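Encoded as structure tokens, the following chain is the form predicted on its own, with no partner shown.
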């Protein structure tokens, strides 16, 4: 991967602490952060103790005990709520005031993946190879079966299609007048997550083999995005072009999707920095081309992909991998969560 961008000078032992860290609040929850989701000016963290924490400006965090055991997956389900799946076999919805509703209890097996369409109210979760889908306010789900364990779920921008990642490819389920029609996007190997482009024209999965694979849906054109030293498990669509920013490398890697064939035949934008750590979490700032990247040594970088792409260090090295990062749309606050259960909640605008 290439990228003629300025490097940020670091220290032999990593980056020093920043002013943002000194101005922020450090909360040691004791439970690893397993997910971070933004709900406008509120940011939600999921934890290994089964709890959710809702962070907002000028108020203490709202703590909600939701699952008995680790929260395995979380997705935005509306302006003020998320859905979660846990190792307790429960699929739940929780509002920002901490009110929790049980959607379904799915036995003793883990609820591995969840997805939701905030505008239409659709929700989905997976247990093994089975996906349960609730359409709008329907009280009972539709059951969709797959040949192997499901590793990723995502509704398309319209809410009419559901992408399901599993071994051997991705299955696209389309709602019809009589039910759901499956279409298979095949590619050998394990697919461990899936995402739609903002216009619904592309589907991209992360592979077990340190690569991304994508399809242009109008003609099933294949796209392989490789060269990663680690698995690119985290990704985020950033900017109006848009770019797909990803983890899994010792730089922020952002693939351009503005051409007729997406990133095929094109090098990604690569924002370098001085250090051996790998990017472990990425997120974008809605409505902008700003990307936040957390590293597996605890540091956090920020870059504007449409300006001169160089990295600004927001948080120094801590020794604990960043597992989630997000900022409020107003830039009032930045939240960083890590594998040790530490949450940094810091004013960002200044």
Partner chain sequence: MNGKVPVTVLTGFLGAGKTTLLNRILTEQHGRKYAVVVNEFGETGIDNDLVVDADEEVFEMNNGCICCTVRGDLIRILGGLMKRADSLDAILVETTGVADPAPVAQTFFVDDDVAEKTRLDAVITLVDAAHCEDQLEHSHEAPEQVAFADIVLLNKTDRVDAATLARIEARLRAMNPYCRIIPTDRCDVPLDQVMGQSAFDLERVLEIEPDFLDSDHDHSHDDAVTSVTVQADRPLDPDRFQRWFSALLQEHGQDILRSKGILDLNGESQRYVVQGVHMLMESDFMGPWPAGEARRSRLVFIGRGLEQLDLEKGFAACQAA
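Just so it is clear, the structure is predicted and the values come from calculations on it, not from any experiment. Residue numbers count along the first chain shown, from 1.
Below: the form predicted in complex with the partner chain, not depicted.
Peer 1: With the partner removed from view, which of 95 to 103, 239 to 247, 204 to 212, 153 to 161 is the stretch that lies within 4.5 Å of the partner chain in the model of the complex, judged by heavy atom distances?
Peer 2: Among the listed stretches, the partner-contacting one is 204 to 212.
Peer 1: Using a 4.5 angstroms cut-off on non-hydrogen atoms, would residue 80 count as touching the partner chain in the model of the complex?
Peer 2: No, no contact at 4.5 Å.
Peer 1: How about residue 49: is it within 4.5 Å of the partner chain in the model of the complex, going by heavy atoms?
Peer 2: Close contact exists here: in the model of the complex, residue 49 approaches the partner chain to within 4.5 Å, heavy atoms only.
Peer 1: Considering non-hydrogen atoms and a 4.5 Å limit, does the partner chain approach residue 30 in the model of the complex?
Peer 2: Yes.
Peer 1: Would residue 220 show up as a contact with the partner chain in the model of the complex if we use heavy atoms at 4.5 Å?
Peer 2: No.
Peer 1: So the partner chain isn't shown here. In the model of the complex, which residue out of 196, 180, 134, 167 has a non-hydrogen atom within 4.5 Å of it?
Peer 2: Spelling it out, the residue with a heavy atom inside the cut-off is 167.
Peer 1: Pick from 266, 184, 120, 109: which has a non-hydrogen atom within 4.5 Å of the partner chain in the model of the complex?
Peer 2: Here the answer is residue option 109.
Peer 1: Every residue in 34, 72 and 231 with a non-hydrogen atom within 4.5 Å of the partner chain in the model of the complex?
Peer 2: Every residue of the candidate spot has a heavy atom within 4.5 Å of the partner chain in the model of the complex.
Peer 1: Considering only 184 to 204, what residues come within 4.5 Å of the partner chain in the model of the complex, judged by heavy atoms?
Peer 2: Residues within 4.5 Å: 187, 188, 189, 190.
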